[in-house]
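Only one chain is shown below, in structure tokens, and it's the form predicted alone.
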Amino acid sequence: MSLVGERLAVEVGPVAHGGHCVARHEGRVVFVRHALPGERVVATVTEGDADSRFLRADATQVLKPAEGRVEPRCPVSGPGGCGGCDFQHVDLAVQRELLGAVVAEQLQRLAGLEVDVVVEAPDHGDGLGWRTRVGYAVGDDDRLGLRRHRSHDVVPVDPCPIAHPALADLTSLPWPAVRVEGVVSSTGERLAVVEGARGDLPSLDLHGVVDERGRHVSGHDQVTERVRDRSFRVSGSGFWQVHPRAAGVLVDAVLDAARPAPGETVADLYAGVGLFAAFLGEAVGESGLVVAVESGGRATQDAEHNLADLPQAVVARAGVQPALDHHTVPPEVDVVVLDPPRTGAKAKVVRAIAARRPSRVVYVACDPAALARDVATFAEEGYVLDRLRAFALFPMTHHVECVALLVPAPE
């Protein structure tokens, strides 16, 4: 028997990974969105039946609010609305406390580590207008929107409050397509990546339009990003951090942890368009070596372009595991930097890295659970977590970026 629509009065417990909090009702776990730890709420079930091990629900009525609850600044962010934001109802400082609690809990539960995690706030603004890359779904009326949480339904957003202001006009016009990604670069160039176009696209002042395969439609097929004094070419919808300050913040954190020195050998795994490799290459100098490993074809082309002035930086188009297995990455390296996808590096890659016995491993993680699992594997291979920094680079969401330094355990 479905329990969807049932209203449950619950005491809200701790925050959990994924943008919800944990409550219990008659002994069963209920994952509640739009709540805060310590609150008493009426939770309306959104998924689950009488036999489910757990239920999912939205806090549709707050009976006893917690300190840190604020009025959401997006009209469609609440129960039944857009699934893009998790914490519109939470003060920004409290959001960072929640993110820190999630990272600490994952490290304790999955890696057996007790770590006091303080989440840094590189952006002290109001938490809005920061997202420079937004993937919009297209509704039946050709209007752009975002998906409901765990749904294919499209919720119109005109405009999205966390989207960069330069993307606001994209949502004001119809797009006869399946999906549209809006991109605005740090140099002000705007690109639209269109999937499944089925008619004339709106006429906007765009740097370029490409299709989902990166093929030119009009204008340019790439944008230019700048970090410190370097420019980076990023083609189509290639990966780049979505907060305007994120790339610079992470470069600073990686260099601070890695401490690359002239003449050293560095492996930059999951290198993308060469963001970290560029500054690692400058640090090791022409007497050193940086091997940037990336499997994506367009990304490796961009990396080769972005690193062309650094003869000590070599781009290898390969998967990370094959590059480690076949010695594309040298058998002896001083430093390894890795920035894996949300699923993490996983055990085989971790063990292959550890076998090279680098003196520093700098792990950039967008998922605390994947980070914790990989840290546990590094521990099995004789590495310890030396330090960890966490950054709130995606305000209003449950996403948190971490930079971890792992070093060989003292003998």
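What you see is a predicted model, and the numbers here were worked out from it, not measured in a lab. Residue numbers run from 1 along the displayed sequence.
Form predicted together with a small molecule: not shown, discussed below.
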*Thinking of 270, 275 and 339 as one candidate spot, does the small molecule come within 4.5 Å of a heavy atom in every one of them in the model of the complex?*
yes
*Is residue 320 one of the residues lying within 4.5 Å of the small molecule in the model of the complex, judged by heavy atom distances?*
yes
*Considering only heavy atoms, tell me if residue 185 and the small molecule come within 4.5 Å of each other in the model of the complex.*
no
*asked:* Contact with the small molecule in the model of the complex for residue 312, defined as at least one heavy atom pair within 4.5 Å: yes or no?
replied: no
*Wondering, does residue 95 line up within 4.5 Å of the small molecule in the model of the complex on heavy atoms?*
no
*Which among 162-170, 236-244, 211-219, 124-132 is in contact with the small molecule in the model of the complex, heavy atoms within 4.5 angstroms?*
236-244
*Taking the small molecule in the model of the complex as the reference, which of 265, 295, 328, 301 has a non-hydrogen atom within 4.5 Å?*
295
